[in-house]
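Listed next as structure tokens is one chain, alone, in the form predicted alone.
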Amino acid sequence: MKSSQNKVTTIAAAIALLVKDNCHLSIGGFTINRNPMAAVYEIIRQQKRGLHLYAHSNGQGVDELVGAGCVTRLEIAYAGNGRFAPTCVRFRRAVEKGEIIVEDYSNYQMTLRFMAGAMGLPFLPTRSGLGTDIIKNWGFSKELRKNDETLPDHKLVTIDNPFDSWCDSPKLVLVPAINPDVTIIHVQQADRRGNARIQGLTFADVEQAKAARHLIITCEELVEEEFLKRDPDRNQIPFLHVDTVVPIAWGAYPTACYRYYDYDPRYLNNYRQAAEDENDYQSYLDKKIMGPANHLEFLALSNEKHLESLVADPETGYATGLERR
């Protein structure tokens, strides 16, 4: 059990302490929603390399880590930024150039893999994937698996259903658990001990958090423990899973954080355009990511009035009147 002490630290210190070269890292969020971007940018600034990355259906966070050369292996269901990049640009190019190895699963399979890790089980069964090439096509070869003890022996295993007479599925797919060395989740509110509250959709973040050996929580607001105790049923991640808490406003920007701010269409469009050209992308990294010393300086590169236009309406939880094209 993680201690109940004050776990508040800076993003630079948290990344330096827990995210090591070649570690197995998981990041939360879904496409352009609640990606832990402040942490992603700090990983890039600290030039972490050889990461084995896990994500459910992530977008901006995955693409920037891959594009910056931090990732060598990726296990994921979907890597895209919605209409801004239906398939993430740097991710696609890295795959085409053979710079990373990718193993793909269905959305449901990835959720079950994190859930198995959170439950302390080696695998969970499902029917998801039956009849698809997900079962046939492996990203990690049998030879690689044999020589790397951090990888399961199989991508997945299809078995005969031992309860076939009771259930209408003659076959089942067993998917292996994921237990990342480190998971990073961005939440709306957390206290100093690490109790955390996600508002809106949780995606697979809770399972990812509980499956991890170490957990970094970044939050929009650091609140008192008494505040979270008023509605304890809304707190999805208890302190016992958490190693560090990093209060960092706009920590998911340029992706959205429900009830705090929306995603930034201008940033995401500009990013896609830069990502499609090697010279432009290097300039983007130099100016936007490596140039600023921290997340506050990164935010200062965006016009203050523009950021204000992204602030969420308290009634809907989204920015109203935002030009999303």
Partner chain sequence: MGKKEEKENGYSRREMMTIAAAREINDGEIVFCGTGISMLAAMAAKNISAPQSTIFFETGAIDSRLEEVPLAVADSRVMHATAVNGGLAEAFATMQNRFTGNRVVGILGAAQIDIYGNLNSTAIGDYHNPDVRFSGSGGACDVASFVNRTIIFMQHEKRKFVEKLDYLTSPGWIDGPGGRERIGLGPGGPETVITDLGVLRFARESKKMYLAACYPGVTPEEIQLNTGFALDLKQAEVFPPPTNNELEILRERCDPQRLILG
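Note that the structure is a prediction, hence the values are computed from the model and not measured. Residue numbers count along the first chain shown, from 1.
Missing here is the form predicted in complex with the partner chain; even so, the following discussion is about that form.
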### Query
Thinking of 30, 56 and 201 as the candidate spot, does the partner chain come within 4.5 Å of a heavy atom on all of them in the predicted bound form?
yes
### Query
So in the predicted bound form, does any heavy atom of residue 239 sit within 4.5 Å of the partner chain?
yes
### Task
Find out whether any non-hydrogen atom of residue 106 is located within 4.5 angstroms of the partner chain in the predicted bound form, and reply yes or no.
yes
#### Entry: 4.5 Å heavy atom contact, residue 253 and the partner chain in the predicted bound form
no
### Message
Under a 4.5 Å heavy atom criterion, is residue 192 part of the interface with the partner chain in the predicted bound form?
### Response
no
### Summary
Those residues of 111-130 with a non-hydrogen atom no more than 4.5 Å from the partner chain in the predicted bound form are 111, 115, 117, 118, 119, 120, 121, 126, 127, 128, 129, 130
